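Okay, so we've got the same protein chain twice, two forms, each given alone as structure tokens, structure 1 and structure 2.
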Structure 1
Amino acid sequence: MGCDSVLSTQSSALQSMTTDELEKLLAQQPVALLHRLARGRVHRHFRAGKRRLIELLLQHSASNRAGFESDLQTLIEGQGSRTEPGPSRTHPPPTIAHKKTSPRGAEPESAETTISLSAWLEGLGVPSPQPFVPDPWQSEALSALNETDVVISVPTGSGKTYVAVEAARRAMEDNRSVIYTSPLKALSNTKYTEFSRIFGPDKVGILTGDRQENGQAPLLIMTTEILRNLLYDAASGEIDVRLDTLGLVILDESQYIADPERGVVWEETIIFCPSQARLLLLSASIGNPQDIADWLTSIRSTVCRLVRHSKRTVPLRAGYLHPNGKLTPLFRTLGIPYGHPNQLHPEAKRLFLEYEEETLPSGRPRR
């Protein structure tokens, strides 16, 4: 493996796979990958040999086949991106034809071909208006939320807010209250405006350290610190009755859990989140969302569902702009060559070297 096309056929085949096929696929994987897959699924998996491991994994997969297969897929893909690019004959040479939704950003192109500036600039523009159809991952997250906590890890700008809004709407229709937290006051204010517009001003309130606006509304927006404090007060008996009717807690920008100063607040909030309330964690792409989901599973009453993907909805291209105004693609490929940082466009490389030589007579930049 090393050729992406094999991987993609493999992974798309995953969706409709019989147990036999799954077993075969597992058998083709290196043991290390199986162990990684077994983490959090199979107790003391490291004791098992490959055959036994596959057996145990298959047993486990029965309970959550979709999640299992998607993890397997992610692992196989991750593995593919670590291997070196081989010249891939199966791909047609890069064309300027722009696909509206290219399947995976860009595939690494063969070494000889490089994209031209005009090809790189082609296809930009405004899409024709489309009726709103939720993405599969959005629907998946919403239906999972009926039963379990959910962690979402998707790239910036994918549409996490839609999931938050729909989930909040459903909880409120059920007469349960909702808390939405963001890490920054500024973001809270933006969401306050946005949600008030969606649900009507009487349905939405905001809590800050020293002020309450519509504090009895069913949907409350606050910073994560404020929620943590509420939970502490509830735990020590100064009960805010409304926590009993709390049906959903949405923690936006959950990747803040890794913030050196404030990350601890996300942990406290999650640890003390009432068990009857569903937790919805919205996060940008991070490296180990499965760990977060496994963690939630280990401390909450339901098995947390992870919804993730790393494909950007609007494809991204990278360029290099020289100080003299000359623009060139940054990479050889049309899209971003994920997993291949060295595929620099020769023109970008040349210009940058020139820049470094001119601006830094004495070697590397000070930083």
Structure 2
Amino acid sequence: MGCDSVLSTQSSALQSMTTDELEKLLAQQPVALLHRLARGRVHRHFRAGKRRLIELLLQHSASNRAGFESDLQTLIEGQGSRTEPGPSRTHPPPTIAHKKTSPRGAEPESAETTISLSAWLEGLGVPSPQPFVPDPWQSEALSALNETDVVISVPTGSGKTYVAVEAARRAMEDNRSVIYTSPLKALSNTKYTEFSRIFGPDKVGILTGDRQENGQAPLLIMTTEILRNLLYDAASGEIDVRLDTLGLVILDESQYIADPERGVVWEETIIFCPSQARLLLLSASIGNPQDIADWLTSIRSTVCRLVRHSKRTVPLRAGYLHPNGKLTPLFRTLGIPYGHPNQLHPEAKRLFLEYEEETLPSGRPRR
């Protein structure tokens, strides 16, 4: 039976398939087809392996089986139309065991243009000590804090913590108290340990739902919810003594303001924050930092300054670690070639296929 006949048989059988039969048919399709089928149906489908992707597609198909089967039929037929014309083949097409066969449209794999694992690992590790010199954006942020609120939006690893530490130091030298908030109790505990080492344990306290230590310290670490509650008390007339001399409020991970459930906590904290205290918002992932700065300007007594820096200080390298312990670069290049998914490293491709074979047996996928 020819390839077109097989595809036609698959397509016509869709409407009468049971869930188990549909599951087996999905397992026979290439991953690329499943990802096209998942668009608009499965959130972040590109992160799922083939077995998990089939599970998610089957779950989604329960609400609109007819539409799902129709789209699957269209994709299968489209796949068949891309097959080169010719006489019907009596032998099956090459399987993934034929390593030398490249998919249509893929770039030729050249050893000369593919980075080696040793080259990919080169340079990783702890850098040699060097004198610290603040980056221009760090100096700009600290200077702006003397006059107004500041929103900092820079990549991870760029040095936001330095700005927070130096700003807190300057505020305490002026006999003003500082509050540093984070969205998680675990992160608050980490910052408490870090700041106690920097400033001394007598100058740092922590207030969370599980921990209350040195509550009268000039620098207090807490979750954002705790600060919001303190500001609620102040608004109701029960003014906490810690707010009398408050000079700086640092809101770390401020992208949480967009969180559907907890974002209101950040909004209320900013709205109720005393006008004499400077606000410093830190984030590596705010999509619209200028909008946040404009909003702060509209509700606060000073113009909020946005300090934005896009160059990543610590470059990213992408690798793939197979469950068997094999490590390989994810892409052919040292950096991440955004917008070029066909630049996957040949060894990464091979490991992907190996994992797919291992996790998708011929029978019903394991759940």
Ligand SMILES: Nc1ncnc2c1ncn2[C@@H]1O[C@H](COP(=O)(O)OP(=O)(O)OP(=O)(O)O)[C@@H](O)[C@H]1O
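Throughout, rigid core stands for the largest set of C-alpha atoms superposing within 1.5 Å between the two forms. Residue numbering: sequential along structure 1, first residue numbered 1. Owing to the predicted nature of the structure, the values given are computational and were not obtained by experimental measurement.
Undergrad: Assuming the other structure does not fit, state which one is the form predicted together with this ligand.
TA: Pick structure 1 here.
Undergrad: Superposed on the rigid core, does the Cα of residue 128 end up 2 angstroms or more away between the two structures?
TA: Yes; residue 128 is a residue whose C-alpha shifts (by 2 Å or more) between the two structures when the cores are overlaid.
Undergrad: Relative to the superposed rigid core, does the CA atom of residue 216 travel 2 Å or more between the two structures?
TA: After core superposition, the C-alpha of residue 216 moves less than 2 Å between the two structures.
Undergrad: If you line up the core, does residue 271 shift 2 angstroms or more at its C-alpha between the two structures?
TA: Shift at residue 271: below 2 Å after core fit.
Undergrad: What is the C-alpha shift for residue 55 between the two structures, rigid core superposed, to one decimal in Å?
TA: Value for residue 55 between the two structures: 58.7 Å of C-alpha shift.
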